[in-house]
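Coming up is one lone chain in structure tokens, specifically the form predicted on its own.
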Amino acid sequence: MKQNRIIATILLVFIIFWAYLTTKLPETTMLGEPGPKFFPAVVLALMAILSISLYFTKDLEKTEVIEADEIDQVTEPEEELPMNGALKLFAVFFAGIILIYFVGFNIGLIVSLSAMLWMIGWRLFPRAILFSASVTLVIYFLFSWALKIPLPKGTLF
């Protein structure tokens, strides 16, 4: 519980600092619009609520009874993401950026996101490709059609 309180206190100090910095933003720039101060205020308020709830949460004690015949089946928990795995994931991310530059956003994101999903444990490869394609389509429609922001086409095509 002590670690939760330390993290929550650090977060609250961060939130107070950023709230102070947002006091210098104008309330609104156009009538009827929320203005530049609205979004940071909402995010900081949500962060403050979650930090306060983290401060008052208690750690759950894990007490499991292991039967005598289950002792052979108990294994040591693996490290969640070792440094080598994180570096490999970053390398795939960087390669994805380079791939997007050469072959375009759609193909590059599908390939790199599928590779990242496979690296984190999605062993059913068709599911990773379908998920990557659907995420790419959502991002494409959001940027190209809704926001009218062009995405990279690629230098090879």
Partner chain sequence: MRIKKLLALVLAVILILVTGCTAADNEQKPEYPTKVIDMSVLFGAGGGADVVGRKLADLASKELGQPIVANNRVGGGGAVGYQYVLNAEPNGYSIVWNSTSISTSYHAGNMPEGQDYSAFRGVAKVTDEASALAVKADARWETIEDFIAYAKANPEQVTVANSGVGSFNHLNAVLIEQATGVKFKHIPMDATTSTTSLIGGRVDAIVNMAFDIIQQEQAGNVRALAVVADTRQDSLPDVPTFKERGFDADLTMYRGIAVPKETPDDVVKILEDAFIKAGKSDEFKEFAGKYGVTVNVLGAKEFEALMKEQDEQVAKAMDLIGMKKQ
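Rigid core (definition): largest C-alpha set, two forms, superposition within 1.5 Å. The model shown is predicted, which means the values in this text are computed figures rather than measured ones. Positions refer to the first chain, counted from 1.
As for the form predicted in complex with its partner chain, it is not shown, yet the points below apply to it.
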query = Is V111 close to its partner chain in the predicted complex, meaning a heavy atom pair under 4.5 Å apart or at it?
reply = no
task = Consider K153 of the chain shown here, and say whether it contacts its partner chain in the predicted complex, taking contact as heavy atoms within 4.5 Å.
result = yes
message = Can you tell me if V13 lies within 4.5 angstroms of its partner chain in the predicted complex, counting non-hydrogen atoms only?
response = no
ask   = Does any residue in 107-133 get within 4.5 Å of its partner chain in the predicted complex, counting heavy atoms only, and if so which ones?
value = I107, I110, P126, R127, I129, L130, A133
ask   = With both forms fit on the core, has P36 moved 2 Å or more by CA between the shown form and the other one?
value = yes
